[in-house]
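Quick setup: the structure tokens below cover two forms of a single protein chain, split into structure 1 and structure 2.
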Structure 1
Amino acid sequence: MGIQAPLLRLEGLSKQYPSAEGAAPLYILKEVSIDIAQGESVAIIGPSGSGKSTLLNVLGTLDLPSGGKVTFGGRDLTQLDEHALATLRNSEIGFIFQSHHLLPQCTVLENVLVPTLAKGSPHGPESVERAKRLLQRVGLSERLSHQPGQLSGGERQRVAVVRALINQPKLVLADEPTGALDRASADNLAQVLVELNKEEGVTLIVVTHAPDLASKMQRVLELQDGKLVEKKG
């Protein structure tokens, strides 16, 4: 058997923004190259303003790189049109943000099923069954008909995690997922992310300032001066 190709490959990835007239452009990412395997869990750390969220947005196809190449599942993302990128975003990538972005008028179950609507057909029984199973898995089986305003912050983030997983993505990107939570809720969510990463076989990339969360990932990468540096345990 041959060596499995990485799920994600970054080659010479750069991101720059124009500066004031006459000034050199501002480089956020400089020649970033790294491979990330299917099923891996990776933390990206670094000071505020170092470009962590920018990198996550490029990986999630929410932003375009200025140069270099991003290969996802063997496809060069820089060569796909917006329609193809939107399809890939919905079906193969899940997003978790610091703010849960749940719809306040919808129930927990309805919020989880929102990504399935983008496929152009009402959510089928398989999606509903998966949603209920995952919500039970994260301890929310008694909250299916609750609205977000009736949940704690930690519970809302667990709903957001399940929503990110509902379409069985290959990749989940989490931007400061525990940033707005108290210590106990953050620890609980970190454990949920680690366990679901293993159970679902999904690749997990987490941007975080929290050392406890970063330490639970298999790899820790630090963004320093626009470059990714592997931190050895």
Structure 2
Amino acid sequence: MGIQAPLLRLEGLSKQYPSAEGAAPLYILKEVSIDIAQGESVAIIGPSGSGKSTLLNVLGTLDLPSGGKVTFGGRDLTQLDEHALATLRNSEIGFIFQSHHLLPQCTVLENVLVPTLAKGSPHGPESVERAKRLLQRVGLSERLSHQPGQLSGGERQRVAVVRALINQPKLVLADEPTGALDRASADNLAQVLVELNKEEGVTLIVVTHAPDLASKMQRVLELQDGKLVEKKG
């Protein structure tokens, strides 16, 4: 394989939160530097409160770093304005959260198509085709007209996975995607994530407490005292 610019490059990334009443700020991320290539699958592990969600939010442009640099596909995110960040977030990044965040009054198919609406024009037939194909891929072709309340927890999370992929993002960020699932559903979702990572060539970064899920990723990075330590990869 030739030398290719990484999809994501973190250089000296830091994040601190101010604390109340003049106490010292909380230093959560301390000069984190790492490269992640297009198509890689990465688990981020670490104890509760170590900064995993903070890191994911910064990578997903939902939060700003306190210092350092994030380069995404050659663009320095710290130099983009809010409009440019929103466009990048909508078109190139997919999010999967611990709890699915589906719209309860919309059907499965409608939920999956929500991110395509952010582009400003109504979604075309190719979006609907892709949505149906991906829903079939994750075993939900018989559930297109169901509402989230009529699905099992694992099924809802699979809908959330398809929604994250609908715009063909370069990067999918998942924060504890199996956290609310039983063992069998968690295994099933982990398998779906791994297969879609391979089939779609999408870069996958998963925050997880589940050793099974972490071990399915090519790389495992652990947050320890504000630093990312490579455990596997």
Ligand SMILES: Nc1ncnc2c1ncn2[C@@H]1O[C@H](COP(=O)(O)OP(=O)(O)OP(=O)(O)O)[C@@H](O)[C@H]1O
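Just so you know, these numbers come straight off a predicted model, no measurement behind them. Residue positions are counted from 1 along structure 1's sequence. Between two forms, the rigid core is the largest collection of C-alphas that superpose within 1.5 Å.
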May I ask which of the two structures is the form predicted on its own? 1
Would the C-alpha of Gln224 be classed as shifted by 2 Å or more between structures 1 and 2 after rigid-core alignment? no
Take the rigid core as the frame of reference and indicate whether the C-alpha of Ser19 shifts by 2 Å or more between structures 1 and 2. yes
